[in-house]
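Just one chain is shown here, as structure tokens, and it is the form predicted alone.
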Amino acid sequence: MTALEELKKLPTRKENPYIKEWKGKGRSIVGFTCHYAPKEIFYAADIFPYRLEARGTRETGLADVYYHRFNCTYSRCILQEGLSGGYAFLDGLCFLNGCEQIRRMYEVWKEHVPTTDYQYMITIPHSIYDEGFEWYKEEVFRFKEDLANNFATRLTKGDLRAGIDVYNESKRLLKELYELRKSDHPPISGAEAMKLIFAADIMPREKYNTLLKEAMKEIRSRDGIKDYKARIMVGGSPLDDTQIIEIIENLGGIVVTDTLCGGSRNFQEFVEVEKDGDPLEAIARCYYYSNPCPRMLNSFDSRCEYTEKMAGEANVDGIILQKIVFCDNHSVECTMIADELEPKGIPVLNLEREHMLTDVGRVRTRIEAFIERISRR
């Protein structure tokens, strides 16, 4: 199996060999729920950070006992996996108040998922300002201390710098991948690229970097994809599988970039540490001041500018903003972005969906009509 094939395989949680190998060595795995979780700190503590996802979840019966139907199916599916034992391999969880639905999950998980003993909530201010940064920096410091106390690690400045180096390397490689996708004839499909991105959070990061370096050699040597009708950007609610991307590409589109929190927004900024600087403060600064998500107030202009910039650099013909039903943050954001970009000649499709994509026919019809509208041929 080549490195590229291994990255694209995306094993399920029960079949994940990296989890089994890591746990077999007596090492800890801590889950996290949001882009603002400082993953470099996990690495510095010799902890495998695993981003919670719900690929393959098909029903939410257990979660519905504690969540109402107006909670989004993304959060309900993740909670379903926790309640049904799908995350029994975790030694802990780091929650963040990225949205009210995830914040509520912290309370339910703490009371009703006994397999996860260690749980921590990092709170983030709802706007970007200097006092808010001091708040978040203090939250990150407390988390680092709590992690060290509970998992018996020292977490020195040297450890933190090592974590920064490893994650900066991932960012460099993913930036290169996205640059290749901007070409007229991308050497990799959008579905393949998203699998490579998802793989980052389900395996140890050093292993991921090694595989991605090798996979990039294969990708660079490929012939480019020429037979497509339209170049498309995807944004909106979190994605943890490639089903929507595959529908787009099966209909003749090609996804060449995104503005997803688990995609491009996850590696735009490097953690920069001065020679004598504090690595913990550098980590907090990078996460807090990076391209903000829709939860942040008074930052819409910068998010819209980022969307327009990414679309222009990848020469897209249109943007598909998929939003999960009852996803409060993205439901408002997607509409506002469409209202801003459509008058500038950038076609936008606002596509409502459930995490469990059961209404494939409707989704397919809307995407097909959009591609026909923006088709190059």
Partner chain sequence: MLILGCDVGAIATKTVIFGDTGIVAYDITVNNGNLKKVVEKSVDTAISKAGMLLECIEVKAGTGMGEQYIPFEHTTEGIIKCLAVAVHRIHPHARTIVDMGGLITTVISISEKGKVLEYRTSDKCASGSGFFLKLAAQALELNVEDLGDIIIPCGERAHMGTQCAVFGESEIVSHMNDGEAPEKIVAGINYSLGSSVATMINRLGGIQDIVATGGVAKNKSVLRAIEEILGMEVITLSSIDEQLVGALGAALCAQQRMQQ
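Residue numbers count along the first chain shown, from 1. This one's a predicted model, so the numbers in the text were calculated from it and none came from an experiment.
Missing here is the form predicted together with its partner chain; even so, the following discussion is about that form.
- The three marked residues, D64, Y67 and G361, each reach its partner chain in the predicted bound form, with a heavy atom inside 4.5 Å.
- Contact between D46 and its partner chain in the predicted bound form is not found at the 4.5 Å heavy atom cutoff.
- At a distance threshold of 4.5 angstroms between non-hydrogen atoms, M356 is in contact with its partner chain in the predicted bound form.
- Its partner chain is not drawn, but in the predicted bound form it has no heavy atom within 4.5 Å of E342.
- Although the partner is absent here, E313 is not a contact residue: none of its heavy atoms lies within 4.5 angstroms of its partner chain in the predicted bound form.
- Heavy atoms within 4.5 Å of its partner chain in the predicted bound form are found in exactly one of 56 to 64, 22 to 30, 35 to 43, 305 to 313, that being 56 to 64.
- Shown here without its partner chain, the chain has only V325 in 308 to 325 lying with a heavy atom within 4.5 Å of that partner in the predicted bound form.
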